[in-house]
Every structure is written in C-alpha cells, then in structure tokens.
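Before any questions on how it binds or moves, here is one chain, the form predicted on its own, in structure tokens.
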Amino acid sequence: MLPALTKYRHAFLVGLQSNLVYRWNFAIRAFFSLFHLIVVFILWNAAFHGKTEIGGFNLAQTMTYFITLLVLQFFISAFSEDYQISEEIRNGLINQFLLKPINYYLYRFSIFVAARIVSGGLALLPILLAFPLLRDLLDFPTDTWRIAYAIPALIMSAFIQFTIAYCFGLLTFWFLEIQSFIILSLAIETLLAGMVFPLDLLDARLFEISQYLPYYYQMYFPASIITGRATDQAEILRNLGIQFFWVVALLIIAQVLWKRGLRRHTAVGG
C-alpha cells in the first residue's frame, strides 16, 4: 500500500514543482479574474436597481456567491487537463505508462491536485489585495455546520471536474481533435454549473431537474453550501448522495473509456 502511495506522492511533488514554474501565469490569470468580477458587479448592481432582494438574497449575498465561485474555480476546476491528456495520447507519451505499474488516472489526478494547490494559493493573493474593496460585498453565513457539508462537497466536486476532463481527454483514442467536444462541454458547464447566475433563480421545476445533473455539483452545490443559498440540511445530505453517485458513475465511465481506448491504441517504437 505504502509503495503504491509513494509513486503518486512523487507524481504530486513533480506536479507541484512544474506548476510553480508557471506561478506567474496563474497569478496573472487570477488578477484578471478580478476584472470579470467587476463586470459581474456592474450587471447585478443594475439588476438590483430599485430592489432589495432577488430570489430572497440581497446584492451582498449575491456578490458573495460570485466571489466564492471565483476562488473555488482556482481550487477545484480542471483547467487544461483534458488537453494535456489528449496531447499525451496523440504524441505517444502515454506509452511510457502502459508498461509500468502505475495507474494513469491516479497519476494525472496527483498532478491535478498539485496544480490546484498552486493556482488556488496564488488566486488568494489578488483577492486579499482587493479585500478592502470587497469587504462590504461579502456576507457569509455563520452556521458552523456548513463546514461539515462543504468539505466533502468540495472534494467530490474536484473529482467530478477532473474526471469529466479526463474522459474528454480519452476521447482522443477515437478522435484526433477533441476541441469541439470541450468547447461544447464548457458552454453547458458555464450555464448549468451556476457560473452565469445562481441556479436557484431558475424555475422551480428546472432547478429540481438540474440537481440530477453532474454540472450542478461542479461549482453551484459547494458554493451554495458555503454562501448560505442552501439552507435545508436534509436536502444538502440528499444532494451529497447524488454527488457521490456521479463521482462513482464518472469513475466507471472513465475506466470503460480507458480500457476500450487502449484496444484502439497502437504503440510504435522503443
């Protein structure tokens, strides 16, 4: 057990070192995300004109939701893992993993965790610098029970986000170019993960349907627990169960794609 974990610990450390090389890229990306936040504030400030609440939440609570999304994005989102996996398959670099006692999913996931630690840590810097300006827009709930639900929700969200990217990367076994699939998925994710507007503003029936889709659990679900948009503990517990189902389902899909993809793969050279 320990030797197996040591392999992935080394992969994690290598990922940490290689991502630290690109630390300025992450820092600049996080800094420019603040401009996106300014646009979000302008739009929602206009939407709240003449109103004190929309969907039961005031402007500060709504902006807290979007600021939380911004931070979570750098901690748990998959950035370019799908393209990296696609490149390794297309260039034959994946061949080196086929004859070694290493699980490719766990190897890539170890690097993903390392990358998110670096990008998440650097994303906090511009947020801290802008804190004096953002302070009046932050309105977090004080319920301590939310921590117990938010931690597993965040961990499973990271698994869902990485595994979806992993599956799209594996499509390279069948398609040389996967960009169109990724762009389509990104468009759906942006809408159904609550990146454009909080999903609880949807029609009640549509909101209920969205809770059975994996996109709901990528960003909206953990953000709704942290920011107080989710209030019913029984419903949060039920949604944690649905989120766990999607983690297992996506892991099975990834395993099936990997095995079927390898049957089509031809390794040449030594």
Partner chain sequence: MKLLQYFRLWLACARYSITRTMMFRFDFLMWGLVELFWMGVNVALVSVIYQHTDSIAGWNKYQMLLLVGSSMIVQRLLMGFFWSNLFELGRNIRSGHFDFFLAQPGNLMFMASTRKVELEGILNVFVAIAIVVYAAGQLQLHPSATTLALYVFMILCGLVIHYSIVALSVSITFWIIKSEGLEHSYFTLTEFSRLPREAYRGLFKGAASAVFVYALPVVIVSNVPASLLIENALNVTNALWLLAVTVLWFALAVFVFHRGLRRYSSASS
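Numbering follows the first chain given and starts at 1. Remember, it's a predicted structure, so these values are computed and weren't measured experimentally.
The form predicted in complex with the partner chain is left out here; the points below concern that form.
Among residues of the shown chain, T142 is not one whose heavy atoms approach the partner chain to within 4.5 Å in the model of the complex.
Although the partner is absent here, Y107 is not a contact residue: none of its heavy atoms lies within 4.5 angstroms of the partner chain in the model of the complex. Interface membership of I242, defined by any non-hydrogen atom within 4.5 Å of the partner chain in the model of the complex, is ruled out. The partner chain is not drawn, but in the model of the complex it has no heavy atom within 4.5 Å of Y149. The candidate stretches are 234-242, 220-228, 207-215, 39-47, and the one lying within 4.5 Å of the partner chain in the model of the complex by heavy atoms is 39-47.
Between the partner chain and the residues I155, L138, L125, I188, the one pair within 4.5 Å by heavy atoms in the model of the complex involves I188.
F181 is the sole member of F75, F159, F181, F173 with a non-hydrogen atom within 4.5 Å of the partner chain in the model of the complex. Every residue in the set N25, F32 and V196 has a non-hydrogen atom no more than 4.5 Å from the partner chain in the model of the complex.
Along 196-220, residues V196, F197, L201, L202, D203 each place a heavy atom within 4.5 Å of the partner chain in the model of the complex.
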